[in-house]
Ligand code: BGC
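In the block that follows, a single chain appears as structure tokens, in the form predicted alone.
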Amino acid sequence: MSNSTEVFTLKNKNNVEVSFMANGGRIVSIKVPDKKGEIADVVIGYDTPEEALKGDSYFGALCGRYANRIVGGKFTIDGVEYQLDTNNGNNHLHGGFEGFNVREWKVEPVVIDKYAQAYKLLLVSPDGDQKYPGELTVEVVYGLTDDNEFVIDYKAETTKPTVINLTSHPYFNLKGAGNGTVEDHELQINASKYTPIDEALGTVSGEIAEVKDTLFDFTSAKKIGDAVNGDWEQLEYGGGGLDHNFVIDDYDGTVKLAATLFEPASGRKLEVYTDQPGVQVYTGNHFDGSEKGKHGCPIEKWGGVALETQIFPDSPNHDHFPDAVLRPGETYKHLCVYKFD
């Protein structure tokens, strides 16, 4: 088993570097050049692995077994109801009190032709782990191409019918970590619909709504600040900003461009591609500046934005949402690509 503070780094010919830890598979740094060729770390977090272990355990981490929320922590498969731990009010969030974000992943280098460098991360979640049914074997490949694509390739298999929704949780600030908020970042999401938050539930109710004529219309690029500084109950329900699932247009299980993030001053652009039906956009609304991050700078509200490709929140409890059930003999697959330009 890898040392929990050991850091692994992927590099390509363009001076792009992605560093991560075995603990939680946490992405602790992504260094990319700006339009002048100057390098900056574009994910918020901490200066050292030791600080990362003591800090917010979701920063850059692999989340599961079920990323996002399940209402009441309950779901039913084949007539059997399961009760998970509720670690987010009355809801289950990101796998429970000890989700995959705090687990020690086995890490090994792999050679795959399309990547400049790659690592494989392995984890076995036993039957009953966090009260989920089935032993789940998870394999995640972190790969970096010479086209500046950081690829996260997930696979999983189970011994019993279970639910699954894996994601990665880096917060991006394309100006560089610690350099203010992402309010001036321009965001475009290829989603004409989203799943509204129900105030009483603290997450989605099953409704799918149009973004047209709302602050969440990112079908053309606009500044994140134009949304989060608005006056709308959905922002309040999201904790003072975006914490919402967007329904990717024309989903068919193939890899599509889900979102584009652009920061004008640096010229850095991030494109997010995925074969998943949704992308959760979270603007770090709970940060309040009380915690120090990279370079000793306070981690402030809206200091970064997470673009988490995944199945919808509470999918197991809504038949019209994407199917989140994995059965023995099947393989869960999920591809996420963060491409920097």
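Remember, it's a predicted structure, so these values are computed and weren't measured experimentally. Heads up: residue numbers just count along the shown sequence, starting at 1.
Below: the form predicted in complex with ligand BGC, not depicted.
Novice: Is there a non-hydrogen atom of residue 58 within 4.5 angstroms of a non-hydrogen atom of ligand BGC in the predicted complex?
Specialist: Close contact exists here: in the predicted complex, residue 58 approaches ligand BGC to within 4.5 Å, heavy atoms only.
Novice: Can you tell me if residue 69 lies within 4.5 angstroms of ligand BGC in the predicted complex, counting non-hydrogen atoms only?
Specialist: So residue 69 counts as contacting ligand BGC.
Novice: Is residue 185 near ligand BGC? Define near as a heavy atom within 4.5 Å, in the predicted complex.
Specialist: No, residue 185 stays farther than 4.5 Å from ligand BGC in the predicted complex.
Novice: Should residue 94 be classed as touching ligand BGC in the predicted complex when contacts are defined as heavy atoms within 4.5 Å?
Specialist: Yes - in the predicted complex, heavy atoms of residue 94 and ligand BGC come within 4.5 Å of each other.
Novice: Quick one: find which of 29-37, 42-50, 275-283, 294-302 has residues within 4.5 Å of ligand BGC in the predicted complex by heavy atom distance.
Specialist: In short, 275-283.
Novice: Across 231-265, which residues bring a heavy atom to within 4.5 Å of ligand BGC in the predicted complex?
Specialist: Contacts from 231-265: just 243.
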